[in-house]
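Form predicted on its own, single chain, as structure tokens, below.
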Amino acid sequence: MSSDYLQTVDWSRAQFAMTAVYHWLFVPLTLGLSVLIAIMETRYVRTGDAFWRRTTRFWMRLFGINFAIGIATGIILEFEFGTNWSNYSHFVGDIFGAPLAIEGIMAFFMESTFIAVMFFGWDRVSKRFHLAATWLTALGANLSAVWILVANSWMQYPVGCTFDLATVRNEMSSFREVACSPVAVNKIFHTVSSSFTLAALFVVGVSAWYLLRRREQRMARQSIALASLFGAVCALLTAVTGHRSGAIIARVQPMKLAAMEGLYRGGEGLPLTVVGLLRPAGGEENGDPFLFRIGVPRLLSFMSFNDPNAYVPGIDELIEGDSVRGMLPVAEKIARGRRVIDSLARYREALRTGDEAAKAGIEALFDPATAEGREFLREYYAYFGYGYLESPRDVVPDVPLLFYSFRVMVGAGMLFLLLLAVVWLCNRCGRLAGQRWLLRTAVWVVPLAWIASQAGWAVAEVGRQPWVVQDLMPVTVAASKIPSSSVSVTFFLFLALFTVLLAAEIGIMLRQISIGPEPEN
């Protein structure tokens, strides 16, 4: 690979990561706040109380600001698959493109259509039709997230596909397997519930700010009553699905789990590290990768395999392999992957020279209808992506980033669950207004919700490196063959644009919160 192409890969990774980080600042609030708004408007329609109309319109205003700016970053993110990652799009576009197409045709058009009614139809349509438009907007926003998460989950766990030798592409063989894989189902519930939790914390935090300033007392208390209960339930669901995520990762992405735990040497009955400090040199040069750590005995084994004595492999075992436990060494996977690459090269040569015998022999290897083909696909093509790696240690992601991000995410999640439960209880007992320390905590926890959300995505996306598609395609061969200077220029242009948009959103949000709800009639 040329040095300029490798620079293109690095700039493309940086640009996509930057765009995704900015986009994900807007998405979680959109998902959760849309549902909370729909619940508030349902109360208005059921009770006829103008208070709930006024409350709904206030939170809807904040939702609209966030939604509009989130659309801009999301569109750019999807276009980058074609501009920056054309090799990836060619290799798996038939699979990855299907859920994104459904997202655009069904979900995005739904929310884009009904959001106009939601904002501008208050006095133009009936109450029930307007309520239906609000719920359909919320449904469309969350369906968009569902289909995008299906596509992302397939990159983590590629199933329901077959390899077409003629086109050198993966093609979908089972939409059900792609959409309903255990990784996809759990990721959908975990991500959406965590987004609902973030939105609930936002509503609670803004309402707490009003209580501290003795403004909009009824709106603040009622919003807290709804959002804190909603958020506590969603935070609990996030914890449950997070535990399930660990068990799934242990089976389909064991290297990610080992990196999350800073686990270089595996074993049976392993503890889960609650807090710890990694050595700068990691575990490669030191017997113990930690300067210090506090853990819960046997919890890692239990959470991974529902058995406190279960064996959990570490980074070194995953690289070196273990014949007793059926783990191939990475060096052997690289050799098998290179055999597949060599077979594809010989196939192209056979096509060029018209060597029908060689062509037929290679086609038989990739034919899933024959025993020989099934064995080759299972034993060799399954490690296709390894053939592009230069060293066995290339399969190790950024251990410190994963280790600390995971603990930020989990620690913050536990704090959110406790805070929302305490706020709900104090509000229900009528004592929240006097607990100024608790109100201040609720305000200051709001930015932590976004930090935890970003940490969760760092765990998910950095954890599968070096793969863009797990085991099948490393990032180093997925990028477009374009000059690195083109990507670097657009990186800084997008960075400036997104920073301006973020600053504008924060400024407008703070201004609207300061203004407060519309005056009572």
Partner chain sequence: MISLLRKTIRFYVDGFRAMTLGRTLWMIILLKLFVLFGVLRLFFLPDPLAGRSPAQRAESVRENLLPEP
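Residue numbers count along the first chain shown, from 1. All of these numbers come straight from a predicted model, not from anything done at the bench.
Only in words, not in the display: the form predicted in complex with the partner chain, which the text now covers.
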Inset, instruction - Tell me, please, which stretch of 114-122, 213-221, 245-253, 297-305 lies within 4.5 angstroms of the partner chain in the predicted complex when heavy atoms are compared? - result: 114-122
Inset, instruction - Give a yes or no on whether every one of 75, 341 and 352 sits within 4.5 angstroms of the partner chain in the predicted complex by heavy atom. - result: yes
Inset, instruction - Consider residue 347 of the chain shown here, and say whether it contacts the partner chain in the predicted complex, taking contact as heavy atoms within 4.5 Å. - result: yes
Legend entry - is_contact(residue 493, the partner chain) in the predicted complex, heavy atom dist at most 4.5 Å: yes
Inset, instruction - Look up in the predicted complex whether residue 466 has a non-hydrogen atom within 4.5 angstroms of the partner chain, and give yes or no. - result: no
Inset, instruction - With heavy atoms only and a cut-off of 4.5 Å, decide whether residue 501 touches the partner chain in the predicted complex. - result: yes
Inset, instruction - Let me know the one among 473, 452, 27, 35 whose heavy atoms come within 4.5 Å of the partner chain in the predicted complex, would you? - result: 473
Legend entry - Of 462, 45, 39, 68, the one that lies within 4.5 Å of the partner chain in the predicted complex (heavy atoms): 68
Inset, instruction - Counting only non-hydrogen atoms and a 4.5 Å cut-off, give the residues of 144-183 close to the partner chain in the predicted complex. - result: 165, 166, 167, 168
